[in-house]
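One chain comes next, on its own, written as structure tokens: the form predicted on its own.
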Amino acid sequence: MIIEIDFQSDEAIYMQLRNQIIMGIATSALQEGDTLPSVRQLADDIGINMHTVNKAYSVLRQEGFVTIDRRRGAIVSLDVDKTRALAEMKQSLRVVLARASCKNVTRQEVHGLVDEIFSEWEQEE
């Protein structure tokens, strides 16, 4: 999996890294049990601070996408608590949909985008 960071983006680098790892899991580029690069290795590969990678890995651990093992490092280990996942997604969607509403995006347009994204993932499988 190739990680690309947009250093010109307003989005924090650790969040870009987190989001790309989640996308890697969603598209099956990363599988349950895969070991992520060490903090030092990934920081060197991307050209970012080790603390930034550490923060991304910590957020992924808190969100149930990875476990941290002192010997093996960060390992893709999905917390399949669907109830919690749906509650977290609902909270995130509230903000995204509020922003969309402010820009006059319709319900039908949102549904179309959701269908488009799921179709992209299904094609990659």
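Start at 1 and count along the sequence shown; that's the residue number. Fair warning: this is a prediction, and the values are worked out from it, not measured in the lab.
The following text describes the form predicted together with another copy of the chain, which does not appear among the structures shown.
- Although the partner is absent from this view, P37 stays clear of another copy of the chain in the model of the complex, with no non-hydrogen atom inside 4.5 angstroms.
- Proximity of Q31 to another copy of the chain in the model of the complex: non-hydrogen atoms within 4.5 Å are absent; the residue sits far from the partner.
- Put simply, A100 is close to another copy of the chain in the model of the complex: some heavy atom of it is within 4.5 Å.
- Although the partner is absent here, M50 lies well away from another copy of the chain in the model of the complex, with no heavy atom inside 4.5 Å.
- Although another copy of the chain is not shown here, in the model of the complex the stretch 97-114 places heavy atoms of L97, A98, R99, A100, S101, C102, K103, N104, V105, T106, R107, E109, V110, H111, L113, V114 within 4.5 Å of it, in sequence order.
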